[in-house]
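Only one chain is given next, in structure tokens, and it is the form predicted alone.
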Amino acid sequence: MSAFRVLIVESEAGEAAELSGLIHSWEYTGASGYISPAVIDSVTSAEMALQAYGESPPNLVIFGPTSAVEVASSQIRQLRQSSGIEPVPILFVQDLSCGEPAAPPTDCDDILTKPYSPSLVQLKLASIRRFCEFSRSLMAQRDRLRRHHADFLQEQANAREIFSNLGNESCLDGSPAIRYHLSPRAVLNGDLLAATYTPDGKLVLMLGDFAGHGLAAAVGAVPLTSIFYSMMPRGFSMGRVLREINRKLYDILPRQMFCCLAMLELDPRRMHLRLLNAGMPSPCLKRASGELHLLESRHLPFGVLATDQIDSAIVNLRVLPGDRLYLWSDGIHEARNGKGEHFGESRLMDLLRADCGGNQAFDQILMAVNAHAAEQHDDLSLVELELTDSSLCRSDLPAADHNGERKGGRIGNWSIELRLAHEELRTADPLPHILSVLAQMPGAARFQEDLAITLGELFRNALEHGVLELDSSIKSTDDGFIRYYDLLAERRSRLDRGWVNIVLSCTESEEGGQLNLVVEDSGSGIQEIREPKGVYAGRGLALLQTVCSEVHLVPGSSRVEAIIRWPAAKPTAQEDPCGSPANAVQNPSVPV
């Protein structure tokens, strides 16, 4: 317990001694039972009292009967200002033995009357001391709150920088076909938006909404984006990445936290859209004709269950010229006005229908929500994706960074053979594993994207048409398109026989290099080479012939060979950094 200091201001020495003796005889017992006498200082004037404030600030000031009459109001104000924000009570002694009592002074906080009543004086001093202890306690709590608040702001600033850096790998700003708006309710955003490309040129975009707001909600973005930006550029399938995200969130998030998530995979070459909605508001596909399709949630939010049914919850859609996709978080249609009315999904649909030109809905939705909401109650996120815009094709994106040594190094002569049996084919994802091995080789960037496209196409062809015996002509109609992928998931989950064999061999000489890919399956073989039917079916062979130098397939055989050639590498020192091949891919820095 700190000392309780009493400053007596009295010009008459006898009065000061009497008052000092009275206070000295007082013993204060604190709440803890500790007896602590007061420390008494005496000065003869208000000017000396001001000096005493600088040397040892008092907890109580008592003006004796003589000085209480002489002190000016301005001096009392100076004393109060000197005490700072911690209040120091000021008492006046009023002598009642000199005739009629004067009016109570207004500059002081309380008075002591003379002749003194020791019991009343000690009772008043004890009350003031308890008040001072309470005041000290409040000041200490205020200081602690200030320190905690400063630490909290610093932590939020650090967290915000970390979350901003997480989006450095995003391709959201790489195409005018992607428009987005993120507005956090607090400093940190509980909504998450990420996008990247797979090695074979598919755009993958993810919009997530963690339960809650602020730091607690935003912290879940770290593992989620780390998985997304680590696995997607390596070529892992959408289902595999989603399962990994669900597993990680289930392991680390507290049980009351979860993440609603919508992830889409757009293949701009094949005009194919795959989408998983796990608890998010239904994304809206707007056809060029103005027709609206809501893609409802077919999966629980992530982090709720350890097991999942992700593959069966992914919907497959044909993309037609002029199609647009809109995604938003619940902060949009749950925005409330002053009466508590939600903005609602119906207003959103009305705005989308009213936008006949197709390019004003994004801005109109934001303006309408801002005009409707009295205040922001939740994080707001809105995304518009023009699905058939040519800028979404990877060839229009800037080439990834490759230093000259890696780009122009010798690849060498080697071969790899991988055989997948039916048990592995149920869930196998060979593309990222093969690309991961090849990415470690110097100069692999010269053919890595061509390899990803070719290998992905040949593997899908062997699995879907060879092992699972699916006919691509099923996809020629809208209903057949959906039926095809339902059959794919069903037959793959029940697969009990079959195999796919993949052989890669590379040779290199002074004239250049050649990569041979041979994919063979246990199916009956290709019966005939068909012309493309409809928008989607039969486009695989045309794509391979575009990417590869040669493609060999024979009707009646399940063996397909593709050859990728490249010229000899130029010396590193003479390479033009602007001449990076358009098919170069980005190798993620963070391994899975």
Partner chain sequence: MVVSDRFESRVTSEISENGDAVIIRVAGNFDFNMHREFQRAYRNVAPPPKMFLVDLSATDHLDSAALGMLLLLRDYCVEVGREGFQPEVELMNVNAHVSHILSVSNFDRIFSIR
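On a predicted model such as this, the values are computed, not experimentally measured, just so you know. Residue numbers count along the first chain shown, from 1.
What follows is about the form predicted together with the partner chain, which we do not show.
J.: Does the partner chain, in the predicted complex, lie within 4.5 angstroms of each residue among Gln256, Leu300 and Gly338, using heavy atoms as the measure?
T.: Spot residues vs the partner chain: full contact, yes.
J.: Given that the partner chain is left out here, which of Gln309, Ser97, Ser164, Thr106 has a heavy atom within 4.5 Å of it in the predicted complex?
T.: Partner contact (heavy atom, 4.5 Å) among the options: Gln309.
J.: Report the residue, out of Gly201, Gly279, Pro283, Gly456, that has at least one non-hydrogen atom within 4.5 angstroms of the partner chain in the predicted complex.
T.: Among Gly201, Gly279, Pro283, Gly456, a heavy atom within 4.5 Å of the partner chain in the predicted complex occurs only for Gly279.
J.: Can you tell me which of 122-130, 489-497, 170-178, 290-298 lies within 4.5 Å of the partner chain in the predicted complex, counting heavy atoms only?
T.: Result for this chain: 290-298.
J.: Does any heavy atom of Asp350 come within 4.5 Å of a heavy atom of the partner chain in the predicted complex?
T.: Contact with the partner chain, no.
J.: Does Ala211 make contact with the partner chain in the predicted complex, using a 4.5 Å heavy atom cut-off?
T.: Flag for Ala211 set to yes.
J.: Contact between Leu305 and the partner chain in the predicted complex at 4.5 Å, heavy atoms?
T.: Answer yes; at least one heavy atom of Leu305 falls within 4.5 Å of the partner chain in the predicted complex.
J.: Using a 4.5 angstroms cut-off on non-hydrogen atoms, would Glu334 count as touching the partner chain in the predicted complex?
T.: Residue-level check for Glu334: yes, a contact with the partner chain.
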